[in-house]
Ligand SMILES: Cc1cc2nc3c(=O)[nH]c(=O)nc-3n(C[C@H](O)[C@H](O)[C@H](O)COP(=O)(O)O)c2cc1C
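In the form predicted alone, a lone chain appears below as structure tokens.
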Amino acid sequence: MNILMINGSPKGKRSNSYKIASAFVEGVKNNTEVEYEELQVHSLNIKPCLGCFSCWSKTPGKCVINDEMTGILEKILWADLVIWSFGLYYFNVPSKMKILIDRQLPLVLPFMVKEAESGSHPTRYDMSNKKHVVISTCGFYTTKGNYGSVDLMFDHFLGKGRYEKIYCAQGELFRVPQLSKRTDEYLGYARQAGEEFVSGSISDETKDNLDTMLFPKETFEAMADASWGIEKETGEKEDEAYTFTKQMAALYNKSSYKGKDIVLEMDYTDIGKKYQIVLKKDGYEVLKDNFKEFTTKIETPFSVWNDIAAGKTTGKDAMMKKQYKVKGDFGLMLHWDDYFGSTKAQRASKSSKAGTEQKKTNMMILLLPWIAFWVAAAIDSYVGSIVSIAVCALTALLFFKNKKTIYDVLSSTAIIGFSILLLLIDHANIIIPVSYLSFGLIWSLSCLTKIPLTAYYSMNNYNGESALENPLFMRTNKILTFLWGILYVLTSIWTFFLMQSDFSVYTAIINNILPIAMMIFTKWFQNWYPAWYAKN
């Protein structure tokens, strides 16, 4: 496929629309072999159309102006796909790009076409297989109501409904490094659009993601105001760290409010500045004096937190390297993306309405076969084995609504194996302790893998699979997984001896009390350990 990108922005490769267009091209290249060229319109030597119509009558198909436009027309004819990339300038394309569009007159014939409602002219060359994509950003909070003249113009010379378009509002946010998490996400959707386009068409889901505003109107306007770095009351230049804190506060998601105000104190230790963000039910407030008692305090060099916001490092990695400390309630850090996530609630809501909500893992699916076996088989070997096999079969039905893990499969397989073994040789006093040992080894040995067993299930409470990229979350879960494994390895030992003794009646009591105690410890440790690590 031959691709020509026509970048009409006067900013050239620094333009925000160019970033989106480039991501789209990357997606196309991922799915097909490509010959690629691009034109930076601002640097081209092209003059305005004279309106002499010589290219129609005196020199058909050839312009009388001798400049670079001759070669540009050849490139347009060469391309299978033409991408028109530009920022919105006074509700249309930049002026020099309009010159390029005007100078396409040699590509069409002067005759009128009855079926063309717009009054367009027939093409001089066969353009039937040529595809076009229009990609543009604007500085408004929404694209709605701002692209009317652009649509009319491209409808005229490309044909209504015969081209794809990607319009992105809030385009200036692409130049803000601190917002790269959200803008990179958008570029990912543009890349996906390119992959889908070359395979046939862009899916409705991808179009929906591309049409979703980068940030809600209120958030965008607050960040736009803060980005000027000027005091609203005095017009004087404000402290960089204060501007940064205001922009961070503007990302606050009010729907995450849990009934109590949170006072987040940012103590920038390298520059001796301190500010507070008060997260309220109806919004936020940034304080630079008259501080309140903090709920959570982050002691960090401004340079480190700036790098985190710009995506040069992650908050999780910086914490593991002890580059900042957290004092007070650590809950805010555990649910940071809930409070400061970029339009997360919007997209989650849309996914839910569309019925595309992702499946989640469920620890009970893992435990049910084991619990059934330990309880039922201890009461009656034969009946207990049949019940355990039936439970394994029934838990498989739960995967219609829940996500399956390797440990769910291992559990069902192991219990079916132990149940069959118990049916063949009636030695519950041996097989049941061995099942406890197997259960403990599954937990313990999972600590040697990249993802420990408990992480697969506890991630549901910490932003899903993104939690698996958090080294502190993974360390916490490795410790807990190992402790649970040791508990059940030890359980196999005392279960074996108790079942051989006169105290076998106490086996079930002990084997229920200790896991309950361990569950209480787990709940405490999940909150205590990350907070302890972060403040030391």
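What you are looking at is a predicted structure, and each value in this text was computed from that prediction instead of being measured. For every residue, the number given is its place in the sequence shown, counted from 1.
This protein has a second form, the form predicted in complex with the named molecule, left out of what is shown; the following refers to that one.
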Note: the named molecule not shown here; in the predicted bound form, the stretch from 133 to 141, 364 to 372, 433 to 441, 154 to 162 having heavy atoms within 4.5 Å of it is 133 to 141
request  = With heavy atoms only and a cut-off of 4.5 Å, decide whether Phe86 touches the named molecule in the predicted bound form.
outcome  = yes
**Prompt:** Should Glu172 be counted as a contact of the named molecule in the predicted bound form, where contact means heavy atoms within 4.5 Å?
**Reply:** yes
With the cut-off set at 4.5 Å between non-hydrogen atoms, does Phe111 touch the named molecule in the predicted bound form? no
Please determine whether Trp336 contacts the named molecule in the predicted bound form, using a 4.5 Å cut-off between heavy atoms. no
Picking from Asn306, Ser381, Asn146, Asn253, the single residue whose non-hydrogen atoms come within 4.5 angstroms of the named molecule in the predicted bound form is Asn146
